[in-house]
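Here we start with a single chain on its own, the form predicted on its own, put down as structure tokens.
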Amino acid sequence: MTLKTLLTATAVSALVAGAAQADVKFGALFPFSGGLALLGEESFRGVELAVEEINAAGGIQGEQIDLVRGDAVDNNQAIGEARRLISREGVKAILGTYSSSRSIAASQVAELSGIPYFELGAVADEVTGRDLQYLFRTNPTAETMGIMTIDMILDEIAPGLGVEATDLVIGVIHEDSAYGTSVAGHQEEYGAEKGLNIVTVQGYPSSTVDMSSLVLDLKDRGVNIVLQTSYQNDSVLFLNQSAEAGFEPDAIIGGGGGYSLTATAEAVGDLMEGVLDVDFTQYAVNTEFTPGLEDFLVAYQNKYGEDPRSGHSLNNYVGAMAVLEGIGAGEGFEPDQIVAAVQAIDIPAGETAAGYGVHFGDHNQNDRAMMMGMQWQGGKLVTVYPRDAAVAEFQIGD
């Protein structure tokens, strides 16, 4: 064989090998810096683990997934990063985003560009309420969270305190973005439907540095059940300033966000004991209800050298696996081919590591997504509701 022939053969072999190992780009748009960075990064880790697992198994449609990060530090940057991922990086779809307001902003860019956008963690009504053609959401919603919070009061808290649910004095407080406003709205609406005595609903900016007047208002109203939908900093602030004011409600129920974070528990110490949380599936849960959870934990610990910091990584892993495997079963990476592939996803309840199934119904919302009720007990966030997913007894009124 001549040198020229050898070089030609080598070049052809390289081209064939390159084709066999071609990459398909997907955007990962999360807040990696700024005030929401901790849960943004934690959410991204779930997507990253899903991509690595899929790539190790051969990728999708014969191609390896190249995950391109975008930093949604605020709404404006979310818009700018979505444009960059689409126009400069050439991503076939975007996965994200944890923050509802950033998701709403960025997904509008994707819609106008005809690029599929898969929301894996934001709960606000408006995310899927706009009936966008290319926006799909895998995770449970603000309505799911609001309804479960009220059900937990009716089923567990009132009986545990030995009182009628209608005798409880309930205060709803929330950070005032799309996330907190949506959850609080459903809590107020469903609570009123069940005849509960909700005496106040108050919003505040998540960047607030003083909640003392809000705490005193709750105390003066005789509130004994507080529902707070919040991020980390405002969760810590409320718990600390409640303690300083001697405000000790019979129950505090967080709406995800800061209340699911180990870092929040570490920041407030014993003040977190007994606090409740309605959120995505966490890790102290009946694993018969969540097949694959233990394998996810091993993979997470092996890669990051620590335990997950919240259930956001698990929830994003489950959503990303469902969407990417669904696309892998499709016939290409054009937008309409991706949409057709994910519309065919049909995962029954009880067959994912989060316990819920995946099927896109009205408004491209996963109509099999669900949340769970947890409680901080002994420094750990353990599942207490519903009973078939629980690993600990509900502690209230002791």
Partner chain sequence: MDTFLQIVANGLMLGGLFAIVAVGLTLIFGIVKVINFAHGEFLMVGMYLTFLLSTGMDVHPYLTAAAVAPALFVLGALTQRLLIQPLMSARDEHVQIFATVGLSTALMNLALLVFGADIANTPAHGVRSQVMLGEVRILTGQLWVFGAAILLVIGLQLFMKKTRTGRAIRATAQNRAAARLMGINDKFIYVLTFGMGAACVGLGSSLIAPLYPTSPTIGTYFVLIAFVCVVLGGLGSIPGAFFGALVIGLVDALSGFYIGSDLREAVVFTIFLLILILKPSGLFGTRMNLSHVSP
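Positions refer to the first chain, counted from 1. Everything numeric in this text was worked out from a predicted model, so none of it was measured.
The discussion below concerns the form predicted in complex with the partner chain, not included here.
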All of Leu216, Gln232 and Glu244 with a heavy atom within 4.5 Å of the partner chain in the predicted bound form
yes
Of the candidate stretches 134-142, 289-297, 115-123, 245-253, the one with residues having heavy atoms within 4.5 Å of the partner chain in the predicted bound form is 245-253
In this chain shown alone, the residue from Ala267, Ala284, Leu161, Val199 with a heavy atom within 4.5 Å of the partner chain in the predicted bound form is Ala267
The one residue among Ala349, Leu38, Met370, Val68 placing a heavy atom within 4.5 Å of the partner chain in the predicted bound form is Leu38
Practice task
Answer for Ile147 alone: is it within 4.5 Å of the partner chain in the predicted bound form, judged on heavy atom distances?
Solution key: no
Q. Even though the partner chain is not shown here, does Gly328 get within 4.5 Å of it in the predicted bound form, heavy atoms only?
A. no
I'd like to check something about Ala192: if you look in the predicted bound form, is any of its heavy atoms closer than or equal to 4.5 Å to a heavy atom of the partner chain?
no
So, in the predicted bound form, is Asp307 in contact with the partner chain at a 4.5 angstroms heavy atom limit?
-> no
